[in-house]
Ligand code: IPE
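Next up is one chain by itself, shown in structure tokens, the form predicted on its own.
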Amino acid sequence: MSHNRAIPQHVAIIMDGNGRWAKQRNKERYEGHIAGVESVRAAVRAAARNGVKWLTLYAFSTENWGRPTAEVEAIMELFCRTVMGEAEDLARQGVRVKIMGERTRFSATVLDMIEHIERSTAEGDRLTLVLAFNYSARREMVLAARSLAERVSKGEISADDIDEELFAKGLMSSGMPDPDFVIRTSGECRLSNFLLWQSSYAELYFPEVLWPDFGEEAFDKAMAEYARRERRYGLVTEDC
């Protein structure tokens, strides 16, 4: 791959379309989630090959708890089984895994799996794979604001000390670069409560392909689309 192409440092993906993929094939919804796991593997391989350093996948939102109990349980079981099965291979690929989201609603089993994959892949330095699991951007910002308010009330900081940098440090993504490129599969054109603060200047891409069909070729096509974009961060260029 040419090294003069614009490569996003951080790609974030809303993995949408598992249910529709299953419905089109007269399968159960959980079968769509199972099929989507292979697309996760493909995205990890393609991201590393393209030189992407951070890949964040929206795996489970706080709103997903409202789905049918059987589907939620199937997602949790699939998550645990996948984590156990993939940890060794991810570590071998140099992939570090981080889980981003509130952990208070997880069972002890799920918490053990999270600790296992984060610990066993901690040395990875080729790609950081962030799984947004039980994540909500609005909730994340509320928690950050609450934390700052508590610090002000304790006299640790003054209200005037609060700026964008300090606020960002209170987010779950603290220490991560903001996403350069946000992809949502299945053609839906919305962010659905995903990285709202962090995506302020990200390039957005909404391919029609459903997530289980989003393989390495589709990821490469997305990278080519990003390379055609001109990021201005609110500024203007001589051509505008």
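Throughout, we count residues from 1 along the sequence that is shown. These numbers come from a predicted model, not from an experiment.
Although it is not shown, the form predicted together with the named molecule is what the next lines describe.
In the model of the complex, the named molecule sits within 4.5 Å of a heavy atom of residue 14.
Contact check for residue 59: a heavy atom falls within 4.5 Å of the named molecule in the model of the complex. At least one heavy atom of residue 20 is located within 4.5 Å of the named molecule in the model of the complex. The named molecule in the model of the complex is not approached by residue 102, whose heavy atoms all lie more than 4.5 angstroms from it. This chain appears without its partner; in the model of the complex, the one residue of 71, 112, 77, 118 with a heavy atom within 4.5 Å of the named molecule is 71. This chain is displayed alone, yet in the model of the complex one of 41, 29, 49, 53 has a heavy atom within 4.5 Å of the named molecule; that residue is 29. Only one segment in the set 182-190, 196-204, 167-175, 41-49 has residues whose heavy atoms sit within 4.5 Å of the named molecule in the model of the complex; it is 182-190.
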